[in-house]
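What follows is a single chain, given as structure tokens, in the form predicted on its own.
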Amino acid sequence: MKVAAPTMIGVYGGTFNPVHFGHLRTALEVREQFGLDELRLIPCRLPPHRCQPSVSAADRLAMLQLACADIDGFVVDGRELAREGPSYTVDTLVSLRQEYPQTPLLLFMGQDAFEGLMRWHRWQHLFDHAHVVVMTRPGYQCLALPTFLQVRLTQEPSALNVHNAGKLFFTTVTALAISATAIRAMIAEQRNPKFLLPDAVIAYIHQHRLYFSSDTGF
């Protein structure tokens, strides 16, 4: 029997080095807010705007799979890890659009990423393939938008379902002050990161000696 295509897909990328509850909480909230059939969490291989991750792509993928194993509607998508060169989001959206030509795609990004959007590779073309949804903290005040973005801005969530791509939307999510950088430093300092990320991920980090600066475990 042929499986029906999803009616709306979310795209949530990042290095996930490591994945933590800040990632997972916001991902869960936007999946529920927008009624997504799928939210695809896509680990990036080589981030264009930051240093190369300190652990392998295979380890970051494995941790993400462990974190998402029991969460309905979360799909871990490794397509960027299979591509050579920098992981440009526009290329990922092109490949998804080829698979789902008639499905609305929602690209989720945090407000810090959005404020640097115009430095992204072919950033205008993101809107050819997806809507851009900016996840903000409560009370966030957006700076004046350039005309290219202003004409795409919508206040109506229903517009994201009516059109397959091309809109800009802002949504508020719970802000958990959890940092992957701080988690890595904590592990290197032999402190316990419990309650910041899933236990299965902590067990994987411990088993594979990720982020440690010595042979002493936490």
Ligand code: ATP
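Remember, it's a predicted structure, so these values are computed and weren't measured experimentally. Start at 1 with the first residue shown and count on from there.
Not on display, but discussed next: the form predicted in complex with this ligand.
Visitor: Residues Tyr12, Asp112 and Ile178 are flagged as a possible site; in the predicted complex, is every one of them within 4.5 Å of this ligand by some non-hydrogen atom?
Guide: So, yes: the whole triplet contacts this ligand.
Visitor: Just one of 153 to 161, 63 to 71, 170 to 178, 187 to 195 has residues with a heavy atom within 4.5 Å of this ligand in the predicted complex, so point it out.
Guide: It is 170 to 178 that comes within 4.5 Å of the partner.
Visitor: Verify the contact flag for Gln33: yes if a non-hydrogen atom of it lies within 4.5 Å of a non-hydrogen atom of this ligand in the predicted complex, no if not.
Guide: Heavy-atom contact with this ligand at 4.5 Å: absent for Gln33.
Visitor: Could you list which residues of 15 to 31 come within 4.5 Å of this ligand in the predicted complex, counting heavy atoms only?
Guide: In sequence order, Thr15, Phe16, His20, Gly22, His23, Thr26 come within 4.5 Å of the partner.
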